[in-house]
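Consider the single chain below, provided in C-alpha cells and representing the form predicted on its own.
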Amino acid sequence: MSVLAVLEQSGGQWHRTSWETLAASQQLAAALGQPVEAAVIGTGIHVLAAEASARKLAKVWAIEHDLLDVYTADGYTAALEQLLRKAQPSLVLFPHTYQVRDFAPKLATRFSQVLVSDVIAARSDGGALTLVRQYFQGKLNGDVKVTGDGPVFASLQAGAWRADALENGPTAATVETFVPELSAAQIRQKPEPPFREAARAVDLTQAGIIVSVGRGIKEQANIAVVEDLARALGAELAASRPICDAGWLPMERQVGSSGQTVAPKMYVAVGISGAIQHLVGMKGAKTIVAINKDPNAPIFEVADYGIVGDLFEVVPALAEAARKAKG
C-alpha cells in the first residue's frame, strides 16, 4: 500500500501544481504510515522522472508509450489503470487541473470509486482518511470519507498545499519505466490543441508578490494609489470580485472562488474586508499583509501583519518606504 502522486506535464514542462500535489502526498503518506510514489506520463519523460526522483520518494514511475505523446482521456485512463493494478496504491492524488477533471473521474469509475475533487485539506482519523471539500463557493467545508475496495482518488485545489514544503530525499529514488499495453484502437478521441484556462495578460499564480485591492478604494481613479505600491514592491496588481465586476480592473486580475487561486510569497490586501469567497483564492499565501480601517474586518483573522488605518495614508507611505529600501 502506498500514496501515489500523479504529476502533470506538457511538452516536457511540469504543471505548476504538480509539486504541490507531491508535497501533499508526502504529508499524507507520513500521516498514514505509508510510502509515497510518483508517476509521470508521456514520451521521452526520463529527464522529468529523474528530476522527480530527487524528492523524498520510494519510487518514480515513468509511464512511457508513443500513444501517450499527446494527451487523450482514453490513453491516460488505460495507462494509469494498468499501473494502478500493478502498484496497488491506497490513495491516488492529482492536481486539480482541467486535464485531470477530464480523465480522472473515468479512471476512478474503473475501480468502482469516485473522484473527490478540489480537496483543500486532508487528515488521518485513527488511520482512516478524511478529505475536506468546500461547498457554496467556500461558505461551508465538508468532510468526505470514501469507503469500498480499491484506491481513494482525489484532486487537490491549487494553493491548498505549498510546494516549498516538498522534501528532498537523501538519495535519488528508483525510477522504473512502465510501458502499458495500448493500441491505437483504444484511443477514440482525436487530440485537439490543449485547453487554455484563460487568455490572460498576467498569470497571477506565478507571481511572487501580489498587491490586491478591494472596495475600500472607493472609486476607480484611486486604484492608481495601489498601483504605485505594486510597482514599488515589484508586485502584480490584483483585486477582489467587486472591483472586477465594476470593470475597474480586468477579470483576469480577480482573486477568489470565482477568480484565480494564488499562493505568492507575500499577499498585500488593501481595503479588502475578507469575505470567504476572496479568502478561498489567497489563503495559500506564505505571508499576508492586511490594510483596512475597520479593526474588526475578517481579513485580520488570517493576516500575518495588519495595519489598521486609512489606506490613502498608509499605502503611499509604504510605497515610499519600499522605494527607499531599494535605494
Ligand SMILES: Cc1cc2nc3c(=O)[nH]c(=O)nc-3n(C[C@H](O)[C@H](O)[C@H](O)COP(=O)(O)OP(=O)(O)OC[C@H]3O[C@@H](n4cnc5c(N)ncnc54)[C@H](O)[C@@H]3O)c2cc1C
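Rigid core: the largest C-alpha set superposing within 1.5 Å between the two forms. Throughout, we count residues from 1 along the sequence that is shown. The model shown is predicted, which means the values in this text are computed figures rather than measured ones.
As for the form predicted in complex with this ligand, it is not shown, yet the points below apply to it.
Residue contact check for residue 264: none of its heavy atoms lie within 4.5 Å of this ligand in the model of the complex. Taking the partner from the other structure, this ligand in the model of the complex has a heavy atom within 4.5 Å of a heavy atom of residue 297. In the model of the complex, at least one heavy atom of residue 242 sits within 4.5 Å of a heavy atom of this ligand. At the 4.5 Å threshold, heavy atoms of residue 135 stay clear of this ligand in the model of the complex, well away from it. Per the 4.5 Å heavy atom criterion, this ligand in the model of the complex is contacted by stretch 214-222, the sole one of 78-86, 162-170, 176-184, 214-222.
Just one of 99, 257, 130, 113 comes within 4.5 Å of this ligand in the model of the complex, counting any heavy atom, and that one is 257. 275 is the sole member of 68, 275, 28, 285 with a non-hydrogen atom lying within 4.5 angstroms of this ligand in the model of the complex. Heavy atoms closer than or equal to 4.5 Å to this ligand in the model of the complex belong, across 290-321, to the residues 291, 292, 293, 294, 297, 309, 310, 311, 312, ordered by sequence position. The Cα position of residue 150 differs by less than 2 Å between this form and the one not shown after fitting on the rigid core. A displacement of less than 2 angstroms separates the C-alpha positions of residue 89 between this form and the one not shown, with the rigid core held in common. In the core-superposed comparison between this form and the one not shown, the C-alpha atom of residue 214 has shifted by at least 2 angstroms. Note: the CA-CA distance for residue 101 and residue 276 contracts in the model of the complex relative to this form, by 3 angstroms or more. Between residue 21 and residue 260, the Cα distance is greater in the model of the complex than in this structure, by no less than 3 angstroms.
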